[in-house]
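Take a look at this single chain in structure tokens; it is the form predicted on its own.
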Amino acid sequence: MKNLLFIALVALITASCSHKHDKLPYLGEKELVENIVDGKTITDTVYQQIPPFQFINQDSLPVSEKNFAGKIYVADFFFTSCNTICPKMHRNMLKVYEKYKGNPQVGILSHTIDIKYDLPYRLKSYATKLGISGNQWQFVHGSKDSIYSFAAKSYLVAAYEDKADPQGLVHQGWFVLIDKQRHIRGAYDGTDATQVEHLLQDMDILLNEDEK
């Protein structure tokens, strides 16, 4: 399962890096659906969509897909005590936050995978240390089943408990770009500054695309 997720994300990144400059690709699974319109069979492509969700944020308030209606957003998975990739990821995510701060069309959604310790008050402290205020960047907590399965099935990101790991938790460091219809439109290594710059460029493309 973990290897399959890695292969899937490599495919997503390859697709992300090969798009034209005026429109981003749709990533993830897709299916063809036939409809009858005026007696003619029309085939539409239906792309993978992030399903409805509800978590609790750093202010102990519920956060759902409704909070991101009319917005593009970047999603990632982390935990506050992570001493490997998370600090670098969120230093890079700060670039996204700082560029789009105050833009009502842009959000950030960070899911903790430390179900036991990362309760809202810890997420609040973490956000404060990063210098985050307001609700543009949401840090959310959920149950083990909801977070781990949501990461794998919705965002194609591996996140799981691993007793062999020194911290007991493992996750991939992808930043996943979601459009206003909750489709996956890009995936980027959040520890790589070059890929994060690519993300910023793609966010501008996606915002412009949505305006057309």
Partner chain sequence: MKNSTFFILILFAFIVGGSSCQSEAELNYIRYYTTGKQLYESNCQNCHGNDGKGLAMLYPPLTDSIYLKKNKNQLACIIKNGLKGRIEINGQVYEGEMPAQAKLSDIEIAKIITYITNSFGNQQGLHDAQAVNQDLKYCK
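From a predicted model like this one, the values you see are computed outputs, not experimental measurements. Positions refer to the first chain, counted from 1.
Keep in mind that the form predicted in complex with its partner chain is not shown, yet the notes after this line are about it.
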Quick one: is Tyr97 in contact with its partner chain in the model of the complex, heavy atoms, 4.5 Å cut-off? no
Does at least one non-hydrogen atom of Asn135 fall within 4.5 angstroms of its partner chain in the model of the complex? no
Thr84 versus its partner chain, in the model of the complex: is there a non-hydrogen atom within 4.5 Å? yes
Counting only non-hydrogen atoms and a 4.5 angstroms cut-off, does Leu130 reach its partner chain in the model of the complex? yes
For a quick test of understanding: in the model of the complex, does each of Thr80, Lys88 and Arg91 have a heavy atom within 4.5 Å of its partner chain? yes
